[in-house]
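Only one chain is shown below, in structure tokens, and it's the form predicted on its own.
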Amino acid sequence: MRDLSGNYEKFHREAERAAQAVKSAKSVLVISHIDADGITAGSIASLTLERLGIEHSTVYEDKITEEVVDSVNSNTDDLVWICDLGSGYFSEFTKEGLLITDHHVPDTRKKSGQTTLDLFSGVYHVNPHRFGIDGSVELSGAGATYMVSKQIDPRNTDLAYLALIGAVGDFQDSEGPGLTGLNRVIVDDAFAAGDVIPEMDLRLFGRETRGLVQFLQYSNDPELPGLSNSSQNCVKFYSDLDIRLAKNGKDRSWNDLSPAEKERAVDKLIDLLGDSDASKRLYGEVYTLPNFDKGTGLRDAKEFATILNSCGRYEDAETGMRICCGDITALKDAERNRAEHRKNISSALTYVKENHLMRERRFIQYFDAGDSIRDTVVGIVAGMLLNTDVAKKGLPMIAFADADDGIKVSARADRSLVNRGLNLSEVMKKAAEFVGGFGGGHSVAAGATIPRDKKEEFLDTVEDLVSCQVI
């Protein structure tokens, strides 16, 4: 086991240094990403500044563009605080008074005339990767933002649950029994604050809001043999276990079951999957948010994160932020986004399958959705397809979708490939730059934007890079 105590200490020192900069600022611009991790990160930053009485504004961006870089560099606020974004473009920022709390792989290029980061006393870069900590599983962008907030005031541990939602939204809990690394500190803080109950249970989506049949029928991560996509088989599954689907005329959800009923169902599902990676993903630590009402979609961290994602992906991150900041009336607006999100994801999956878009090369697989799938959700679709029978887990998934500024590329891979040397962040960054675009992200999930006429050249480069990485 790695001894990361020294790394954690260095990380916390940078967070403390950043905290002092925040407290001394008189005005701050917060820029954050549009996904669940970014929305929770932006909310943590905004709430922290509000409690300090510091004048600030918050904006959400899908990605860092030249326009965003220019707006940061010309900004006149005392501090620009970029959350869940920015690390991959660090060398392009010249703003004195800049804080980045991010977990994406950092830009390794140096600023002009810069020998070490510490020479720039007005620049603060709180990113776990800088300290030998894996930002793809051990800390999210919201987590990095929370660590600064906690250094500002220990009472801000009541925001830990938001950082936890951000980590779950970035699937940082999906590869092991639960959240690990610095995320574990966040789980402990949220539990101590009475905001989160960690417990072992099925990790399928919809513990609170889906009826029992839909809970299994719509499972695709992992796929349940004989149950996924078959309502009839799901009904029989529960009938065989003497579990009623409804009570007092109302459909029961998974969390309506008694402990004994859950135990019977879990045992049978684990037997169904056997000793496999799917079985390990099926059962593990889940996170209940007891201060939210049952059935609202906010009581389960995974469902809460999905609501936020559905807001951000449909250009309504502000509604997600309102929920994070305590305005539960915003949930009605978010539900409209979530309904649209579910419909688009479902139709996108069907579109790829029915039109046989999947293509395979020796080292990668890919599909080109053109303008038929929104560029803001194509990455989600790519990740979900990896867990279906139309894709191969042994190959990285590359997905294309048309975007306003070129072609949006999303890359996803099974963590077993990362364990064999794959680093999608490096692949996307190098391949995109080779064709005149830009990219980055995490080892297991990354993205890029490339010129419209460079797809084949980009794929050739991606394949070459992947073939050199994977052992």
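Residue indices: 1-based, along the sequence shown. What you see is a predicted model, and the numbers here were worked out from it, not measured in a lab.
Although not depicted, the form predicted in complex with a small molecule is the subject of the following passage.
Checking G297, G181, G178, G379 against the small molecule in the predicted complex, a heavy atom within 4.5 Å turns up for just one residue: G379. Interface residue among Y89, F205, F292, Y366 relative to the small molecule in the predicted complex, by the heavy atom within 4.5 Å criterion: Y89. Partner proximity in the predicted complex, defined as non-hydrogen atoms within 4.5 angstroms of the small molecule, places exactly one of 404 to 412, 23 to 31, 66 to 74, 43 to 51 at the interface: 404 to 412. Although the partner is absent here, V435 sits far enough away that none of its heavy atoms falls within 4.5 Å of the small molecule in the predicted complex.
Interface membership of R313, defined by any non-hydrogen atom within 4.5 Å of the small molecule in the predicted complex, is confirmed.
For A446, a non-hydrogen atom is located within 4.5 Å of the small molecule in the predicted complex, even though that partner is not displayed. Among heavy atoms of H104, some come within 4.5 Å of the small molecule in the predicted complex.
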